[in-house]
Structures are given as C-alpha cells and as structure tokens.
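The chain below stands alone and is given in structure tokens; this is the form predicted alone.
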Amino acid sequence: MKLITRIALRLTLALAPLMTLWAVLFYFTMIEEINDEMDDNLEAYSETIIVRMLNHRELPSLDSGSNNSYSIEPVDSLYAATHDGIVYSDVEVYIPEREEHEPARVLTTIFQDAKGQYYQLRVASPSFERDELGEAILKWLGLIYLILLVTVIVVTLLVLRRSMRPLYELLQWLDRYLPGRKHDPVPNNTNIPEFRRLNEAAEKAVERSEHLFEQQKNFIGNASHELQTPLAVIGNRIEWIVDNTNPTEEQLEQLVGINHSLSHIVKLNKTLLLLTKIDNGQFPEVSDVDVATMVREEASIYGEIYEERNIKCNISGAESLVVPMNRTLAITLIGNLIRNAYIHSPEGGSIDITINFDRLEISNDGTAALDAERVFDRFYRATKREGSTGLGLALVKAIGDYYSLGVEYHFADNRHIFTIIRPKNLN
C-alpha cells in the first residue's frame, strides 16, 4: 500500500470517531439550547398568569391562538411544602384536535395568594420530536462527514503529493541507477531539510557503490588478464608432456582430466575478461547486424554440435531483424542463448525461436521455472551442468544492458522463454 493511500486511510479512520463525538456533543448542546429558550418563554408566560391572578385580572384565554396552555389547581400547604417551587419536564400531552399525543415542555410551579391559599400552575408549550431531530442531525452530519472527508483527503493528497515530490524523484532515479553506467546526478532540488539529507545520503551511498564497483571491475579485469599467460603456459606444458613423454594409461587419464579442468578455467577467465571489457565500454565499433540471419547461422552450428541429442529447433517469424551493435557481442549474445537452450533441453526436446520486427524469443522444454530474480546474476546455476560457468546468461544481460536491449525471462507451459526486445528508439 502506497504511503499516500495509507495516510488517506488513517485520516478516514481518525475522522470517523471525531465526527461521531462532535455529533453527540452537537445534539445535546442543541437540545439544551432549545430547552433553555423554551424554559424562558414558559417562565415569562407563567409570571404573566400569576401576576394577573394575584391582581384579580382576567387570565389569558386558552383559545387565544397561542400554542401555550395552562392549568391552575389549588393545593394544600403540605403539598406545597413537599414539592419544588419550579420544575421543568418533558411530557407527552394529548391534543384533542389531532387525536394524538405530542411532545411538550412543561413548567410546574407553586405560588400563594394574599389569603394564604396555595396553587399549582402547570404551563405547557409544544416541543419537538427528539427522534426526528436525532435522525435529521444524523443524516446531515453524515453528509457533512462525507463532504469534509473528501475535502480533507483531496487537499491532503494534493499537499502530500507536492511535498513528497523530491522523494518520488529520488525513487525514480534509484530505479534507473545501475552501477558502472552513466547516470544523471542525484536530484536534490528541494528546500526540505529531511529530503536534502536523504538525497545527500543516497549520493554518498552511490559514490561508495561506484567506488567498490570500479575496484571489483579492475580486480576482475587485471586478474583475468594476468591469468591468460600462465593458463596458456600450463596448457602448452600439458600438451608437451603428452606429445614428448610416454605416460602410462593412468597418467594420461589424469592429464586429460587436468586439461579438461584447465579448459573450463580458460573459458571462465575469457568470459570474465569479456564482461570487464563490456563494463568498460571497450566495444565502440557498431554496425547494423541482421540478428535473424545470425540466429539461423548459430542454430545450424549448435544443431550439428548437439545432433546426437535429437533436439528439434524451429525458427519462424521475420526474415530480418536489424540491430545496431558490435558484431562480436551480437554473436556472443545470440550464441549464448541458443547454446543455453540446447544444453538445458532434454533429449528429444524442442527449441522454438520466433523472430519479430522488434523482438527475439527463444524457448525450450523444461520441468521447473528458474529464479527469475537471479537467473541473470553472475555464477547463478539452477543445475550443475558439465562445462557451464554460470556466466552465460549474465553475459547476455550485460550485452543487453550495454545496448539498451530488454532482456526478459519467464516460464510458461513447461517451457523456459528468453526474450530480447529491441527498443523503438534504437537506431
């Protein structure tokens, strides 16, 4: 889940209880304000009735059009002494005209006239349906919550997206970064201290990576170069021993084994040296190479080499696929892929090579998928095959990266499928 999405989700979860709490407080505050206003009106109306009654003036008419109603009942001194002077309450009163009960706010008070007689005055005023008010508040608060939530999330996402732009630029730069390749400087056009520190840390890490990569590359190149002469000398001495001495059958067998191992080391050394030269950009010569023609030539060569394994190779698609690259590297790339397909195909299996205008696809029979994350790593081998150095596919990937060719692997329908993709902008 993206950071911005996670923040939006957490804002949503945080706003829900806050809005609920606010709704409860708003509801009870509104009820209290309405009751205070009604209590003030009831108190004023009750005072008017009491004053008129004590002054023997005409009391307000019950059918005067006012929503208020009242009743006066004489009570004894004991009742007056045991009841509060003023009491407010919410009751249901029966409305004869409507033949139903309606909520009302009632003020009950006790007063005494000049003769010492106690009276209980009940003044009622129509109130409101609390359930209906609660439903209305809930509905409108739900609408306000949605509007507020959408507004807050949209504004937050816009602000965060703009504020997090330096982070996204750094991530995109890191995605494009490859050690030993030319790359733009680490982006650091921000005034936010935390992002500046992050970019500076990334720049230092890249410098360390480049330094270590350069050291590793130089070591491999120097070591491979220095090993060429002693390896050649060892090979020549083994041949001299075989040609100029009379070794026993057992000694000859040992010399053949040594020579076989030496051949493997020489091949490994040449491959490492070639990888170093590719990393150093030592293949500037570029020409238009017809990959389709080269595929047919290499397939014919390896078909003869592995003829006894009865592997069927099918080539289909375009007659031509021209790619500008060094011819030696092109032969190495195509040859390694086709050789890899022959080596790892079971006896009697099949290899399918498809050539399109922008890609080359080579597939062969298989029983289990390779590790797609590591298949192009140096010295990765899913199975130990005789003569395999574990550098063939790494060499293919290095050549592909050198010429910005897409190199992909996937496993489908019990077949290993390697694809070389020619970019549209490659001239």
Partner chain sequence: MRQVRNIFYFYYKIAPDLCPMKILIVEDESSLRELMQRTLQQERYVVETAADFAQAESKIAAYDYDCVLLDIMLPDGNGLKLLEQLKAMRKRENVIIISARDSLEDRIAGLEQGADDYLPKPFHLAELVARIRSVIRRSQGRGDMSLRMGNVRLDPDSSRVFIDEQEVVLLKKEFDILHYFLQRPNHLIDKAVLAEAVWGDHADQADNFHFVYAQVKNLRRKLDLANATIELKAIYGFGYKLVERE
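Numbering follows the first chain given and starts at 1. Small disclaimer: the values here were computed from a predicted structure and weren't measured.
There is also a form predicted together with its partner chain; it is not shown, and the following applies to it.
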Would you please decide whether Asn244 lies within 4.5 angstroms of its partner chain in the predicted bound form, comparing each non-hydrogen atom pair?
-> yes
Is Thr332 a contact residue for its partner chain in the predicted bound form, using a 4.5 Å heavy atom cut-off?
-> yes
Distance check, Arg165 to its partner chain in the predicted bound form, heavy atom within 4.5 Å = no
Is there any non-hydrogen atom of Ile86 lying within 4.5 Å of its partner chain in the predicted bound form?
-> no
Option touching its partner chain, based on a heavy atom within 4.5 Å in the predicted bound form, out of Leu138, Ile305, Val155, Leu146 | Ile305
Tell me, which of Arg296, Arg122, Arg196, Lys267 has a heavy atom within 4.5 angstroms of its partner chain in the predicted bound form?
-> Lys267
Of 196-204, 72-80, 310-318, 259-267, the segment with heavy atoms within 4.5 Å of its partner chain in the predicted bound form is residues 259-267
In the predicted bound form, residues of 230-268 near its partner chain [heavy atom within 4.5 Å] | Pro230, Ala232, Val233, Asn236, Arg237, Ile238, Glu239, Trp240, Val242, Asp243, Asn244, Leu252, Leu255, Val256, Asn259, Lys267
